[in-house]
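Just one chain is shown here, as structure tokens, and it is the form predicted on its own.
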């Protein structure tokens, strides 16, 4: 497979399986300036699939650094009004949203005040997009955009071809029929979700080095897998690759301590945080530890709104993951969250809760679904971490042992 053939397969999979763009649908393509070559290929594939138009939303992290260094602090993290007004129209126009990820310059914010770095994240825009997603109004997907900066972070050198080969493996681009391969993979994940739903566990427990965490579920929490569906019935895969089954926990019922098993690259900020550990009490993160300035960055994010310190997602992944099997730490949440189990603080996912559709924020909170402008995944699984399902009577059922899925 030549690089051109690989990019064509990548774009086709993104458009037809990831976002599942419909004929006549507008496509909003979100990317950084360094992602332009891949963005162009995705745009062509979208138009070839019948998209009405492709509207770009382009970022440049150098402008954010300049704002942190030189601009007024009260303007940090504020998105121009015309952009917010445009995004608000998506609730009616229902475009497909494709986001490219892959930090092009991982050390760009080195040496800056971590509090200002956290404040500079465009939380207003993020909150609007999260709302569209949690209400199942848009079909969307996030895919990678290999680039020299990301490759250097992963391999210590800007070997983009090597990174592309790893990405191709995780996305099953090397299969004879990638679309068929994804359908088969989705069926496996669906079976895992069904097994979890059949047990109707009251909580999930994680135990390993530095981790003893119990995450309580709602009676109406249900486990989902790779495929989402919009209110209008468009099936799509939000992450390519994806290896997880996930649900929304009860935001009031997380207790214990947990240590991240992978570095966290904070979404929207691009700063890498190592050695992250949390302590939870009555659902809330009450203590944060991390190396260097990492704890301050996370605390700033947790202070972004009242609900950010509570959990919104729990996801299970075992060692059969294509991402895990590469043996690579990608320093990219899209990939690393699909290498191992993870949880997310911030917004819950109403689509994973029976009867949550159409409820107001207050009604969701009363039910147990967290509502926040934040949603940050961090990885907590691995070969040394045991995962159990806990029933209401206190009985325990193994789910993952030695990085293998053992639940029937």
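Residue numbers count along the first chain shown, from 1. Values in this document were obtained by computation on a predicted structure and should not be read as measured data.
Keep in mind that the form predicted together with another copy of the chain is missing from the display, and what follows is about it.
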- Item | Touches another copy of the chain in the predicted bound form: residue 354 (any heavy atom, 4.5 Å) | no
- Message: Is residue 34 part of the interface with another copy of the chain in the predicted bound form - any heavy atom within 4.5 Å?
- Response: yes
- Message: Within 4.5 Å, heavy atoms only: does residue 187 come near another copy of the chain in the predicted bound form?
- Response: no
- Item | Contact flag, residue 78 vs another copy of the chain in the predicted bound form, heavy atom cut 4.5 Å | yes
- Task: Give a yes or no on whether each residue among 279, 290 and 298 has a heavy atom within 4.5 Å of another copy of the chain in the predicted bound form.
- Result: no
- another copy of the chain isn't shown here, but in the predicted bound form, which of 378-386, 343-351, 66-74, 360-368 has heavy atoms within 4.5 Å of it? 66-74
- Which residues from 83-107 come close to another copy of the chain in the predicted bound form, meaning a heavy atom within 4.5 Å? 86
